[in-house]
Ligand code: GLP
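A lone chain, given as structure tokens: the form predicted on its own.
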């Protein structure tokens, strides 16, 4: 495990963007696993700037996103498909045909999960997976459990996750209660993994995940076992690490 400590959120985003840019430079047809939420916004802004400067190109990149809410159409302004289009894809010229996100409106949830796992395999796996981390230690929507769930699956969101996400919706009742999420197996099989975190609110979670035991009760802790894992944290988020 490699830890990159930065002074603040913007520097965290810049460091993560530089790691992704290096991946694209070394392999222009990389398969990138991408995340949503507030954590990667700075990373995506820096990537957009690198594209505008002509330093990197997404022309041959393909992407797979971690998750999507069940029940939200791709055009809904709180869907993760919409988030990715507005915060990255449209600004770097990524055609929709080269981006992949679980279908939140799939009629057969089990079939959709199988489809997504097969899709990742058909792309040859993920070259670099970007992750955030929830306050309860979740990655994607892999919530605390008694076991590490392997493949893409439909998950009931915990109360803490619903509370964390309600700020994006008009009222708490509008927050979806289920999501499709990439499983731990696909995340762990990515050739490289980069996890970003910032703020004092994440400090205890980061310490539990990366200075404590590996346990499915803290899903991110399994990344301690990944062969090429980089943790990019600002000073506040890293404040409880040894």
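Residue numbers count along the first chain shown, from 1. Worth saying up front: this structure is predicted, and the values here are computed from it rather than measured.
The next section is about a form of this same protein that is not shown, the form predicted together with the ligand.
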Contact test in the predicted complex: residue 102 vs the ligand, heavy atoms, 4.5 Å: no
Residue contact check: residue 165 to the ligand in the predicted complex, 4.5 Å heavy atom: yes
is_contact(residue 62, the ligand) in the predicted complex, heavy atom dist at most 4.5 Å: no
Interface membership of residue 202, the ligand in the predicted complex, 4.5 Å heavy atom rule: yes
Options 70-78, 86-94, 126-134, 106-114; stretch whose heavy atom lies within 4.5 Å of the ligand in the predicted complex: 126-134
Interface residue in the predicted complex among 47, 194, 66, 206, criterion: non-hydrogen atom within 4.5 angstroms of the ligand: 66
In the predicted complex, the residue from 28, 37, 212, 176 that sits within 4.5 Å of the ligand by heavy atoms: 37
Residues in 129-164 close to the ligand in the predicted complex, defined by a heavy atom within 4.5 Å, in order: 132, 133, 134, 138, 140, 141, 161
